[in-house]
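A single chain comes next, written as structure tokens; it is the form predicted alone.
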């Protein structure tokens, strides 16, 4: 939309941190872009950007303005999605941020199912920890976040949540693989590969170690689930995963952990509080929550998708 073009210019410069780089993305000259920025600053009566030796950054006024700009751009996308919906041709783009455990199986399956019904809808998917997910929602770079514990903030609104117990994963040859359920003494008896502190599973494990007064024998810490799974084949260690992140068992098995050892956590599907999502994003979020409810046979807090798009 042409009336949003000046706002799009400011947003692109803010994201790029450079007028020259932003001009390249916008396919205009840096001189022309700078003139447009200067004209907008003159109209406002305050500078939007601070000029630095190697780029620009938002001024205090610019920081206040950028949230309004991104809100306006996101709202126009929602309106365009609703207009497309009137014609019966569901279109739009859905931006998702999620924890790594959801990427290999759950998120890919849900997107494929949704696109079979609505092939004109496109998606972007990024792996984020909890802090990054909040930032992506508040900057309007993401429509929906799917993140494991803890995810409590006044800025986010849960579309749904479902309980997820931690599972211990190990090679089929590991001595503990003979057990169906592991206790605290079992976990203390073996070396472990832990997720990084920003991971929700690590939050629960750290809490368990604090309560028990014992420390697990950590040999490796990693934020890469593929690396962890492959490493377990080479050394008799135990690591951890959520049920939603487990694939078919083969060389790697999973075992239940007693709930009194590590309490169950919650997996959240959320959006930015107060934001009205585009049609495609609202209905995809609703479909995800319904699938979680069906898959885990547990009540999930729901928001009516009709309310979310009015």
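Under this definition, the rigid core comprises the largest set of C-alpha atoms superposing within 1.5 Å between the forms. In this text, all values refer to a predicted model and were calculated from it rather than measured experimentally. Residue numbers count along the first chain shown, from 1.
One more form of this protein, predicted in complex with the DNA, exists but is not displayed; see below.
Thinking of 194, 217 and 241 as one candidate spot, does the DNA come within 4.5 Å of a heavy atom in every one of them in the predicted complex? No, because 194, 217 and 241 lack any heavy atom that approaches the DNA to within 4.5 Å in the predicted complex.
Contact flag, residue 55 vs the DNA in the predicted complex, heavy atom cut 4.5 Å: Answer yes; at least one heavy atom of residue 55 falls within 4.5 Å of the DNA in the predicted complex.
With a cut-off of 4.5 Å between heavy atoms, is residue 38 one of the residues that contacts the DNA in the predicted complex? Judged by the heavy-atom cut-off of 4.5 Å, residue 38 is in contact with the DNA in the predicted complex.
Spell out, yes or no, whether the shortest heavy atom distance between residue 31 and the DNA in the predicted complex is within 4.5 Å. Residue 31: yes, in contact with the DNA in the predicted complex.
In the predicted complex, does residue 12 come within 4.5 Å of the DNA, counting heavy atoms only? Heavy-atom contact with the DNA at 4.5 Å: absent for residue 12.
Partner-facing stretch of 23-31, 262-270, 279-287, 249-257, counted where any non-hydrogen atom is within 4.5 angstroms of the DNA in the predicted complex: So the stretch in question is 23-31.
Residue by residue through 189-215, which ones have a non-hydrogen atom no more than 4.5 angstroms from the DNA in the predicted complex? Nothing in this stretch is in contact.
Under a superposition restricted to the rigid core, does residue 263 display a Cα displacement of 2 angstroms or more between the shown form and the other one? No, residue 263 moves less than 2 Å.
Determine, after fitting the two forms on their core, whether residue 52 shows a C-alpha shift of 2 Å or more between the shown form and the other one. Yes.
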